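First comes one chain, alone, set out as structure tokens in the form predicted alone.
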Amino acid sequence: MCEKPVFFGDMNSLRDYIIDAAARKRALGHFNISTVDALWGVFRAARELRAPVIIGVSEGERSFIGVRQVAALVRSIREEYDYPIFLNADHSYSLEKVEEAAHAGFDAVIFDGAKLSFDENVVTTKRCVELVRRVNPDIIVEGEIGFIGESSKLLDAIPAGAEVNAEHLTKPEELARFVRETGVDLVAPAVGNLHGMLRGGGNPRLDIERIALLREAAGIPLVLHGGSGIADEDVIAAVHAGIAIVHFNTELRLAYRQALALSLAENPDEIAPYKFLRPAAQALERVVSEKLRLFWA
């Protein structure tokens, strides 16, 4: 097993941790939140395992919390605990949303042009990279190529356009061109993954061989979106094949909601939110811990 890196030492930026994780065949966990108690749940799980961690907030999630507010919250935890916790603007669909997050002090942004044509995706992603570089060249910019659905929710079927076959999965030659022409720091391909979870489990298996080919073609670290519902052995194999960041959201939301429903049912007279929300955050924390142990502990 690879030895763990020096926890902070000379590494202070998200870029440092991504490069180090990739070199060691490890990965950073990326966990989405939409409430402050969920943020603390993710942080507690990561801190217990001494794992650097990325907090993700989609357009909807950061609108609910507040763009500058979530940036301030994550920054305050990082500074108070001297801890490598970072913030990513997950799945932004416009230049305006990318720029808003960059100016708010996010550590990373994602422009999701997966539903666009290849050429449109290249052009717009490149504009996002140029925009962010002007705001702060230290911010990491991620692009996405290959449509895998859009929503972190329970699914009745694989979303239209996200079919898991050779036609829809990302191809090495396309990925190489995408990276070369956009200048992104990270790229998220379609390799059998989906956003969301099929009801009852059983998400498609990942194409591990393709991941290895894509990593070689890209020349930069790869990101696995839609980690929820993927078999543990596939997540581990994907990290060894070249994935440096793994995203989770749906499993966290499901655990949170189920625990909250049980908490309310068992305590029907409780009206203090911090009391009936606590079991939900604890359930989310357990899921984060389980996922981090796959590729970090």
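So that there is no doubt, residue numbering starts at 1 and follows the sequence shown. For clarity, every value in this text was computed on a predicted model and none was experimentally measured.
Beyond the structure shown, there is the form predicted together with ligand G3H, which is absent from this document and is the topic of what follows.
Ligand G3H: the contacting residue among G146, P84, G196, G192 in the model of the complex [heavy atom, 4.5 Å]: Residue within 4.5 Å of the partner: G196.
Close approach of T250 to ligand G3H in the model of the complex, 4.5 Å, heavy atom: Contact with ligand G3H, yes.
Contact flag, T125 vs ligand G3H in the model of the complex, heavy atom cut 4.5 Å: Output for T125 is no: heavy atoms all beyond 4.5 Å of ligand G3H.
Non-hydrogen atom contact S92 with ligand G3H in the model of the complex at 4.5 angstroms: Taking the distances in the model of the complex, the answer for S92 is no, it never comes within 4.5 Å of ligand G3H.
Contact of N32 with ligand G3H in the model of the complex (heavy atom, 4.5 Å): Residue-level check for N32: yes, a contact with ligand G3H.
One stretch from 220-228, 113-121, 178-186, 128-136 that, in the model of the complex, holds residues within 4.5 Å of ligand G3H by heavy atom: Heavy atoms within 4.5 Å of ligand G3H in the model of the complex occur in 220-228.
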